[in-house]
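Below sits a lone chain in structure tokens, taken as the form predicted alone.
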């Protein structure tokens, strides 16, 4: 009976993996086929669309800006959320629900409505501070807030931070030491998941950047598609593959940190 169930479960997993693989890989394969087409019907396949990506300075600037925004937003999100959530749980637990409501509110507001509120703020920033595209990190912090809050909240719920903090404080540790050397390492998986979600949202964001007249990766792909569809599709394929492997790397890094922390705790 157990063998039969195991075989059925294995067959079901194989079918699910194949269906999901085809669901994700077939569109990418079609995009690669389109990007590598020659000029004529009988023309051989060419990689010109892919090789021309690095030769366009505007595309390189857009890709670089999106990567920088992903890093800045991830660091800003961790600096904003982690200390706040830990401090609230330890010192003022009655504020957990109000803070949760505030953090989840952007999820209920469409991005195009958020832009209406961002527009006058960014007009002032452009005049008085800077017109750099990196200023988009302020808006992206609002966009990623609900997703990252949920990831960090799950990590904090899995750790008895009150007991850990009391034990560390009784040994003379400061609050900064308790936060960054005791609590955060025990929720490294949640931190990596929050960063993963943050990077995915930032690299795939289009509406806010487009309406605020900034050119990030997705806006560059959209603009390029009106004049050179093959290069636009090639850039989309490269960005998808890059994001996939980057998120996979973050996932493996988070698992490795969790295993190392678990091994150290058992030792």
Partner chain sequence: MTAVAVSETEYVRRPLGGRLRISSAWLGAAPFLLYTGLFLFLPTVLVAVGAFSGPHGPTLANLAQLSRPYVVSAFLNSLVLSAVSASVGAVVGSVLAYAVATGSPDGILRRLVTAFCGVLSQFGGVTLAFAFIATIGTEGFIVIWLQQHGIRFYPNGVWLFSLTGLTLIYTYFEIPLMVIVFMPALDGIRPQWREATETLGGGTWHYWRHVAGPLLMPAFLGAWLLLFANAFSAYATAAALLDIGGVIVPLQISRALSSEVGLDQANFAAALALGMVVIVAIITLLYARLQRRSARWLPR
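Residue numbers count along the first chain shown, from 1. All values derive from a computational prediction rather than experimental measurement.
Beyond what is shown, the protein has a form predicted in complex with its partner chain; the following relates to that form.
Proximity of residue 126 to its partner chain in the predicted bound form falls outside the 4.5 Å heavy atom cutoff. When contacts are judged by a 4.5 Å heavy atom cut-off, residue 181 does not count as touching its partner chain in the predicted bound form. Mapping the unseen interface onto this chain, residue 34 counts among the residues with a heavy atom inside 4.5 Å of its partner chain in the predicted bound form. Under a 4.5 angstroms non-hydrogen atom cutoff, its partner chain in the predicted bound form lacks residue 50 among its neighbouring residues. Note on contacts: among 168, 111, 72, 78, the single residue with a heavy atom within 4.5 Å of its partner chain in the predicted bound form is 111. Residues of 90 to 114 placing a heavy atom within 4.5 Å of its partner chain in the predicted bound form, in sequence order: 90, 91, 92, 93, 94, 95, 96, 97, 99, 100, 102, 103, 104, 105, 106, 107, 108, 109, 110, 111, 112, 113, 114.
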